[in-house]
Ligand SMILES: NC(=O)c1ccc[n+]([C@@H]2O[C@H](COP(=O)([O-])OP(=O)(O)OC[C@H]3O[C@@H](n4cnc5c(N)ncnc54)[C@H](O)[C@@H]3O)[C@@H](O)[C@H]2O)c1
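The chain below stands alone and is given in structure tokens; this is the form predicted on its own.
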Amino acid sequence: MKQDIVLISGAPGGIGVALCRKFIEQGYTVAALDRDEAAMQRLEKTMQDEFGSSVIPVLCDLTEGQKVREAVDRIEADHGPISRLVNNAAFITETGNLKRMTPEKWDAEISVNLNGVYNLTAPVLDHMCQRQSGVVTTVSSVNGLAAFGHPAYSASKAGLISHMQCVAIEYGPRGIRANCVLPGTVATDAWKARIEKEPNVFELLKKWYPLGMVATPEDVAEAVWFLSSPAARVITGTSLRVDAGLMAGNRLMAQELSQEDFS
């Protein structure tokens, strides 16, 4: 018997693994998409060891639109309906400012982070429309709301917010919801290069977060699950910040302006 599928892109990454765990715990069959075969094999083993069943591996490069569409069609034909899509894959260069940005680096980030989401979402929506139901949840970033460096990454993440709003209003009448989750700093291996430069980077960043902490991959997975679940059945076109209060305001500036001690 074919089961409802959740398709998760960037599944072997730090947030991706947490997403796989969460949806498996909720009874979903996970189709895990990534272009890194070795990383996918590690994910398969991890899920097999933890749950006694593995994910459906989908080796695919999100920048190759036709191949992505073919992969989606194969999942639907061979395994069952994709009732949930989680756009999680992302790519970021170590170019943190516009002065050092090159056209090649800009294109590389936009191609995966923005165009890749379109390439994957479009064919999934075609299948969801046939059933008049489905949920698309996209992991964007607080970088899509304000400038925190990494301009190409930020531009792509801002585009995702608009893209999901468009999906929400156009496909809502077909029973399809679309939302974004906006993490702040998340403690994953993606920070490896920055940790090598500054081992205490997370401690240094905590002062900017009102809750005095950075998110874990599991925090993001919980938010994605909520928006993907029936509990959020009337929520669409929204962006849920998972940022320990970062975007609520500038705490350090507020203290200096008010000349008050918030501690």
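Numbering starts at 1 and follows the sequence shown. These figures come from a predicted structure and were not determined experimentally.
Heads up, the form predicted together with the ligand isn't pictured, but that's what we're talking about next.
In the predicted complex, residue 203 stays away from the ligand, with no heavy atom inside 4.5 Å. Among residues of the shown chain, residue 224 is not one whose heavy atoms approach the ligand to within 4.5 Å in the predicted complex. Although the partner is absent here, residue 157 sits close enough that one of its heavy atoms falls within 4.5 Å of the ligand in the predicted complex.
At the 4.5 Å threshold, heavy atoms of residue 110 stay clear of the ligand in the predicted complex, well away from it. Contact check for 89, 184 and 188: all three have a heavy atom within 4.5 Å of the ligand in the predicted complex. Checking 96-104, 161-169, 133-141, 72-80 against the ligand in the predicted complex, the stretch whose residues place heavy atoms within 4.5 Å of it is 133-141. Residues 33, 34, 35, 36, 60, 61 are the ones in 25-61 with at least one heavy atom within 4.5 Å of the ligand in the predicted complex, listed in sequence order.
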